[in-house]
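Below sits a lone chain in structure tokens, taken as the form predicted alone.
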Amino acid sequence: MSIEVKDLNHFYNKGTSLEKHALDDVNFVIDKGEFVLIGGEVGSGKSTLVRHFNGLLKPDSGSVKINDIDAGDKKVRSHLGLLMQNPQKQLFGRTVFEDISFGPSNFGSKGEALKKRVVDALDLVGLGPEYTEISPFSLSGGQMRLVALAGILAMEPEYLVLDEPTSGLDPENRYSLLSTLKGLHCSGLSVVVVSHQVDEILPLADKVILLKKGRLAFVGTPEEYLSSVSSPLPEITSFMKLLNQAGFDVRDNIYSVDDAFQEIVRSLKIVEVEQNE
């Protein structure tokens, strides 16, 4: 069970003077249950890549398969949910209930079972049942994003793919969303996040996929990423490297604030012991 990308190529404006090779022979596998960060600079092909996951874009050559099903097949929609970069554009219902229930109702869910799906999906993103009768367009930007996410979760996908999910959110809503994603992954959902904000996502990730100018630049664990890629690095990793260069005995392959704090405390305790001897 996996997302398999094989020899994927995609062109924009193919055969014209504006032709752009957006994805160039991209190959990787995302196994079920993983939390994956797809990183890269703006224009590296990240959004183009994930739009192939549910058939929004078709390969010019190569293939994308979800659990051995071609991504262009409608059956994929029951396996994979994609939250777009501007999720507010995915909202359309008069009420939150109407919006979230749209997908499952189209797949046959109705009555009390449908209501339960909607309420359960809201609970997963930290919103209560009182939101069901509210217009989604009266909510804050962060709440609208959570409702759009709930609409995807109500479909009970195996894979959740999010394109720049924290873009434009204030720190409180950003923290809330990341906590929600962490909880969803811990519950067994496969999570794929497209983001150039390496600092935010790397501490949550099992695997990192890096694109540069449409080509695959790296696939591996966060630890392997830090040791083999010069940029982009989390700010906390860069800070630890500076400390190391300044003579402090600290590990610099660290990418979370909590780990950095513990490592600095460990180093200071060693210095204190040495000074007291």
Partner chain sequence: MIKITNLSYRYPDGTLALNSVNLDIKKGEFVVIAGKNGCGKSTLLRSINGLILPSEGSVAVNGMYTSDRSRVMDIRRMAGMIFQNPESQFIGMTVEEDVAFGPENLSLSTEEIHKLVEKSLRAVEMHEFRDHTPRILSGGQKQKIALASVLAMEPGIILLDEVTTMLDPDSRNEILSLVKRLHENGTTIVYVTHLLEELVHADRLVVMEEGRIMHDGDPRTILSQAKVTTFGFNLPPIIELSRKLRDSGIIDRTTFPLSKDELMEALCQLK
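What we label the rigid core is the largest C-alpha set whose atoms superpose within 1.5 Å from one form to the other. Given the structure is predicted, the values throughout are model-derived calculations rather than measurements. Residue numbers count along the first chain shown, from 1.
The form predicted in complex with the partner chain exists for this protein as well; it is not shown, and the discussion that follows is about that form.
Only one segment in the set 243-251, 218-226, 26-34, 56-64 has residues whose heavy atoms sit within 4.5 Å of the partner chain in the predicted bound form; it is 243-251. In the predicted bound form, every residue of the candidate spot (199, 236 and 268) has a heavy atom lying within 4.5 Å of the partner chain.
Although the partner is absent here, residue 22 lies well away from the partner chain in the predicted bound form, with no heavy atom inside 4.5 Å.
Contact check for residue 183: no non-hydrogen atom falls within 4.5 Å of the partner chain in the predicted bound form. Among residues of the shown chain, residue 95 is not one whose heavy atoms approach the partner chain to within 4.5 Å in the predicted bound form. Residue contact with the partner chain in the predicted bound form: residue 169 places a heavy atom within 4.5 Å of it. Interface residue among 135, 105, 173, 78 relative to the partner chain in the predicted bound form, by the heavy atom within 4.5 Å criterion: 173. Interface residues of 78-101, taken as those with a heavy atom within 4.5 Å of the partner chain in the predicted bound form (partner not displayed), are limited to 86.
Comparing the forms between the shown form and the other one on their rigid core, the Cα displacement of residue 240 reaches 2 Å or more. Annotation: Cα of residue 24 displaced by less than 2 Å between the shown form and the other one, core superposition. Superposition of the core reveals a Cα shift of less than 2 Å for residue 13 between the shown form and the other one.
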